[in-house]
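The data below hold one chain only, encoded as structure tokens and taken in the form predicted alone.
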């Protein structure tokens, strides 16, 4: 075997052909399952879209590297299900670009963190993690509460996501910046439009507790509070399995 490999390395054309063959096999193994994707992704008629504010929070989550320490993928192992909740379904990541399944767990999995804790808890934890969880290794993000959220490019972001299959409407795209501000100002004139476009179940409130300014803290907390709550498919699947 080593002799064959040694001889192949001395023949440039043969080595290139061998690399192409090996890469083709690997590519086929990865691509072939995509042809059955309609059979492997569950149905979720109640699946809703991220609002612009939640999407902004997701971008902040990515920007700050939160995915490096937190996964969003609950495996089917019993101990994981008992700790975190129903195991993750493929459909729950249907509109995630990029997906944030992850594999590193310096901190807990966040796939079902939505509404597990109050907004006040999330804000306090982000400002000073060790004041809430003394053994936490998480860095502080207090400055998010002092940073106004920039909303100018939200419409373009939603438009780009529509190109890759996320069904945002023209109205959602045109109202993206206004909806981001409206979701975090429940007493303002924009709030009603958010519920109209994204559904009555949309969380519209002062996420960071401050009505003066819509901040990056508002966006990140709004995102954390929706994780695992875009669809009830996982809960329904678990109930069906139990029955």
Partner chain sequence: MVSQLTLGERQGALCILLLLAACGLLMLGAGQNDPLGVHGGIVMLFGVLLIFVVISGYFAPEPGTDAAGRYYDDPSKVGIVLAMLWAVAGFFIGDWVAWLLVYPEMTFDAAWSSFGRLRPVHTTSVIFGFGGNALIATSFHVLQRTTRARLPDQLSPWFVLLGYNLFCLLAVSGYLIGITQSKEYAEPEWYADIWLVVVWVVYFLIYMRTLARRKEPHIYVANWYYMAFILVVAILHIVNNLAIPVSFAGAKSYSLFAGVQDAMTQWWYGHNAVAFFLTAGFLGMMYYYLPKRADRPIFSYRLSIISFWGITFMYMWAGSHHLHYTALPQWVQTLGMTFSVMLLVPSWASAGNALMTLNGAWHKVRDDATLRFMMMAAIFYGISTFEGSFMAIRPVNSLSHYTDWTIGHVHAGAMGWVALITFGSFYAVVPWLWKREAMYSARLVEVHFWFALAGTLVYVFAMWNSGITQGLMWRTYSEGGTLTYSFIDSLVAMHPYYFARAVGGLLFLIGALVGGYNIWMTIRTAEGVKPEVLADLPAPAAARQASTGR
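Keep in mind the model is a prediction, meaning the values are calculated, not measured. Residue numbers count along the first chain shown, from 1.
The discussion below concerns the form predicted together with the partner chain, not included here.
Novice: Among the candidate residues 69, 49, 44, 195, which is the single one with a non-hydrogen atom no more than 4.5 Å from the partner chain in the predicted bound form?
Specialist: Of the listed residues, the single hit is 69.
Novice: Given that the partner chain is not shown alongside this chain, does residue 31 nevertheless sit within 4.5 Å of it in the predicted bound form, heavy atom to heavy atom?
Specialist: Contact with the partner chain, yes.
Novice: Contact between residue 102 and the partner chain in the predicted bound form at 4.5 Å, heavy atoms?
Specialist: Answer yes; at least one heavy atom of residue 102 falls within 4.5 Å of the partner chain in the predicted bound form.
Novice: Counting only non-hydrogen atoms and a 4.5 angstroms cut-off, does residue 94 reach the partner chain in the predicted bound form?
Specialist: Residue 94: yes, in contact with the partner chain in the predicted bound form.
Novice: Counting only non-hydrogen atoms and a 4.5 angstroms cut-off, does residue 209 reach the partner chain in the predicted bound form?
Specialist: No, no contact at 4.5 Å.
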